[in-house]
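Form predicted alone, single chain, as structure tokens, below.
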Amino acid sequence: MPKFLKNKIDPYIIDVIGRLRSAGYETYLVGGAVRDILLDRVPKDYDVSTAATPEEVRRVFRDRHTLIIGRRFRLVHLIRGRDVTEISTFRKRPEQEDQADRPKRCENAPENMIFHDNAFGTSRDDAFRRDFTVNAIFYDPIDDKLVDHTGLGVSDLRDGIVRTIGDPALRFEEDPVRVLRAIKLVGQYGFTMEPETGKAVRASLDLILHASPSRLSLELEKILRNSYTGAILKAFHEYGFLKYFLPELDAVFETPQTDYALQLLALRGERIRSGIFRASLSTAVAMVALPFAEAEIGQTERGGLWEYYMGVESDLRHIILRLFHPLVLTHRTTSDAVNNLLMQIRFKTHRRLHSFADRKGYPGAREFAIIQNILAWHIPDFEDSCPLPVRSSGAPKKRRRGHRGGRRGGNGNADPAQDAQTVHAAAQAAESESVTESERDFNE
């Protein structure tokens, strides 16, 4: 196993795993962080999985701030300042649920859909209950050892293959959000579907209608914060999934407006990955909406923007809400996106920018304007002529590699208590507008 992997992990996470190991509990780094390290990408967040129960984890870290969250999927948040490390207990596949145990609103859900997921098991059990082989690779940074229980994770990651663990149709029925994650891997990493997995994905697209709206809205936020947002949305459309996820956007996908939005998102992604652009949720929302706003309220070609008029804020908000319907963005995210769009006129005309440089939302609006100038405005020396934000100097400050808050995605529909905690965490992340995680879920 390559010896450089350990050097790519936050020392704090190694310490967390070491303490659990020293207490006698088998513990690993799991999920998307392992996948990204093996792909030579920098992890944005970390998941830890252990043999310790949530109560045992709390006893190990009694000198630190811990919180057990969730009912359907109980796990521990280990809190350090603004950073949160999620520590889960190894799970095994739950027994077939009785129909009487299903939430009333989900009585018509697929027969095998899982709603309760607190059956503890071994690390091997945990690996085989995950969604895809590339997401089931465990790493032990103490002994510097990879554990690939499925025997296919490392090779599928090397070959860029999306393969479900077990029967694809059954796994998607157990948790319809796995359909979204499968296509997301294709868009974000350029992977290809293993034939049976791809066939099951296309046959299971409409299952997503059984997932809770709050959970899907959180998946949307993670996609919008991703530096590959445009590629993911394009993959959704190509697989026929977008019409179930964002039907209004899918209906206008083959238009010049969407093409321009994808160009804006692509350049944004390049700048995020190079460290000169922030993964702002509201800016991504504004980029999707801008071309449609230009066409509808400005009646102009790309880059033409619109003239200000009374009520423009309401019209911009309506365009945003329509494009992302039926999913729900937080009120703050929508408001910040509207303000970002409104500032673009000032940037293009270079009007009173210095008086706005200390205002909330200015950094994201400036970054958006720089991208518009590259693609459409072509104003000479534009970036140099735009004052830097008063509250920062130079390039945006990067956040420490995150151990973000928020509930783990898990399987099936989320219970209200967990949804409330997750929405609260997502709202806090949206307010911060700093470099945040690109994708994060239990199965990722």
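One rule holds for the numbers: they count along the sequence shown, beginning at 1. Please read all numbers here as calculations on a predicted model, not as lab measurements.
There is also a form predicted together with ligand ATP; it is not shown, and the following applies to it.
Considering ligand ATP in the predicted complex, the lone stretch of 242 to 250, 316 to 324, 175 to 183, 271 to 279 in range is 175 to 183 [heavy atom distance within 4.5 Å].
Proximity of residue 334 to ligand ATP in the predicted complex: non-hydrogen atoms within 4.5 Å are absent; the residue sits far from the partner. In the predicted complex, ligand ATP sits within 4.5 Å of a heavy atom belonging to residue 36. Using a 4.5 Å cutoff between non-hydrogen atoms, residue 77 does not count as a contact of ligand ATP in the predicted complex. In the predicted complex, ligand ATP sits within 4.5 Å of a heavy atom belonging to residue 32. Of the candidates 237, 366, 222, 163, 222 is the one whose heavy atoms come within 4.5 Å of ligand ATP in the predicted complex; the others do not.
Residue-level contacts in the predicted complex: of 344, 258, 372, 135, one residue has a heavy atom within 4.5 Å of ligand ATP, and it is 135. The partner is not shown here, but in the predicted complex the stretch 45 to 63 reaches within 4.5 angstroms of ligand ATP through a heavy atom at 45, 47.
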